[in-house]
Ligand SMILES: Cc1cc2nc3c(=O)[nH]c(=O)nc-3n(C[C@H](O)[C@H](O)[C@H](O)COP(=O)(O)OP(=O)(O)OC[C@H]3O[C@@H](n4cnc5c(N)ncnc54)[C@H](O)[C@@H]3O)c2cc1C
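Have a look below at one chain only, the form predicted alone, in structure tokens format.
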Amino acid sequence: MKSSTRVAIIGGGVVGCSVLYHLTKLGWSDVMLIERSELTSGSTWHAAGGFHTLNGDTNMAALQGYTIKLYKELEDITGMSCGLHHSGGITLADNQDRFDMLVAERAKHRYMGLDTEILGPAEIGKLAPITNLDGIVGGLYDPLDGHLDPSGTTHAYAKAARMDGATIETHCKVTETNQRPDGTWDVVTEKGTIHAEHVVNAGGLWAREVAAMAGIYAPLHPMEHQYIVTDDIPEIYNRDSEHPHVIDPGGESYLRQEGRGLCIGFYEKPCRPWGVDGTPWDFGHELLPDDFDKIEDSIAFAYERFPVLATAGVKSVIHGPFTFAPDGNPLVGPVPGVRNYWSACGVMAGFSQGGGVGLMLAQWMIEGECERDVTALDVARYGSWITPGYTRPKVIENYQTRFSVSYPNEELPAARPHRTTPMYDTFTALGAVWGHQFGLEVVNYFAKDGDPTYETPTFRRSDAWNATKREVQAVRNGVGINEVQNFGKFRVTGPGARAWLDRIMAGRIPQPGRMSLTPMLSPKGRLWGDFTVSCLSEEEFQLTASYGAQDIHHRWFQQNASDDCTVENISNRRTGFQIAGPKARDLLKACTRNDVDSIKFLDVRHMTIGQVACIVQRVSYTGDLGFEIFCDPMDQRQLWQTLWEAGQPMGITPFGMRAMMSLRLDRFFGSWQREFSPDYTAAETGMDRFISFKKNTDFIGRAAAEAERANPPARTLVSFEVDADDADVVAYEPVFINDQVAGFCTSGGYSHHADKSIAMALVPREHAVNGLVAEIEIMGKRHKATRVTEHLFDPDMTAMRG
């Protein structure tokens, strides 16, 4: 056995073998996979082997498309069969909401290059005649759907990797992973110790145990999953072609042909977590005892939807555990706070996603970044706050809702509330209706008389409409207040702080008492952050950005650390409020003896508000006159009392994120993970106006930004006024120009101030002219969209800057 390697991959399932193959494909041949038993000895061997492209996240859907197309390449490279069956697949809709979701997904596929099709009941009946169409509204057909041989596919990955120099060591259990001072690892196995520059945890069912060896908690949990293979069915074996897959979300089931019969599996509501206290090391080739009781209702429903099942005998029952993350997406990438340790875990849909996961991880390791935004699967989307007690109920919830309709305004309830600020009880008493981000409870809106205390999930305008409108109008006409806890916040201190920030950030770093807006770029010029930099002194800066991205950003800061400054994540050590609206200055003046009138736009001051020492900066995401006021969490309730009492004569109104996201549309402000993400560059999104090309610093991403400055990118971000009905743009709706799909929406919504439906979209630069008239598809219908360039509120910026 080799005693050293560049990369040691722990785990020989389909994901580990995919990572191994993609590392060799991208040029690293000194790579090694270590498996405690045989390849495919975990979840892989008993997987149903189905694959599909449908996924609510467009980047995940694209990675699934890549994975499916990769299998033919593996067969060509290795001469081995993956047992491919491209039978096509239909997802059924048994109600209008489910059909609306499929229509919205089909719209996204238009610009993704996926050849899917919306079907009516009669068309479904022709393709899948064993389906009882009672109650079926329609469905989505994808010709790429199918199934394969799990073992053959995994071994094809392994052979392709070996052909390019990779090593695989089976029957070699890892017992320890110990990091050396230089960041490399000693991987201790039953056959000896392997010294590795990098470790990849692809442990599957054992990923929690492998992570624990390095002192890491992997937020994963296995769930029992059961599927049935039937005896021969004449309606199946007498067909001229293979029966397509059929996903019946209403019945929580998926069905496909297996030989001369059928295979049907279930995501039942009375599900059961497995291995609560850990996965036994000697588990692997066993199955769990049959448990028909928990799928009794699902089977009964399946008999009605597919009547041929009622008379078919059962050939075999496969009941085994699969591992899930709390949101069902994989956990991939460099683990924050641990050098050279990589995650490739929680890939529940291994044969739909395994190839894409392997490609992304290999790009990340070798090139330093991925070709697309991988936030949805980034291991850093969960922070140090997550625990097994949180993970388990969220995994159960995800399993139970795997086939449920996913609404853009839905807030899932499991394991909540988890993290709250000192204002939680106060805001709840004021009628707060809560959302959540990165484990934190965040107010969506405040319900008053007649407002719903639960926002009904919908694809159309929700029943929170009136409450949101009231809050928007309160901000625009008086003064509104909301929390600033849900900003990621960092403190940068030391003699080298300014120089470090000049290198990390592409924009201008402000002088003491001032703040600036700046993008943070990847080496290839993609957006890795949208930051506000506040200079508190020459050796102390505060950074604010997305709360949900705080661990992703902190990981990047650590990877690019300097000996001359210290970067601390203070997201939960500094909190406070935003006040905004024409009366915001008057409110602040009523609460302090400090000079308020002299505070200019983008000024930063240390001030005493009532009894509380605060950092006050004049800026507001509402686009109005506004101030962000930061304090110690221990002082937050006192600060609230001061502002709230002083604001009563002014009609002070608390507002939530629904109003905030409406207010930002009035000035076409972009939002992180919508307009701004690693999928886009600064020049594409207009963020290049904040880049300081004058500064004498080779900031990260400068060469790429300079290149785009000289040769502007093909697409650019624009805003549209949309002639919408009862639904507004959410994201990824296609934009038609001259009757051709030419772009897509990044986000949108309703401006309650202007009473207009607004969309933001990336379109070809040559079409981005004043007066551009396009069409945007919303819920299956095209709507006229006219480009707007003048801001809907304060176009001359007198309120914001005056």
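All values derive from a computational prediction rather than experimental measurement. Start at 1 and count along the sequence shown; that's the residue number.
The same protein has a further form, the form predicted together with the ligand, not shown here; the description that follows concerns it.
- The listed set 757, 64, 43, 746 contains one residue whose heavy atoms approach the ligand in the predicted bound form to within 4.5 Å, identified as 43.
- Interface residue among 139, 576, 623, 350 relative to the ligand in the predicted bound form, by the heavy atom within 4.5 Å criterion: 350.
- Heavy atoms of residue 173 reach within 4.5 Å of the ligand in the predicted bound form, making it an interface residue.
- Interface membership of residue 88, defined by any non-hydrogen atom within 4.5 Å of the ligand in the predicted bound form, is ruled out.
- The ligand in the predicted bound form comes within 4.5 Å of no heavy atom belonging to residue 541.
- Among heavy atoms of residue 202, some come within 4.5 Å of the ligand in the predicted bound form.
- Every residue in the set 16, 36 and 213 has a non-hydrogen atom no more than 4.5 Å from the ligand in the predicted bound form.
- Residues with any non-hydrogen atom within 4.5 angstroms of the ligand in the predicted bound form fall in just one of 766 to 774, 23 to 31, 730 to 738, 47 to 55: 47 to 55.
- Of all the residues from 274 to 299, the single one having a non-hydrogen atom no more than 4.5 Å from the ligand in the predicted bound form is 281.
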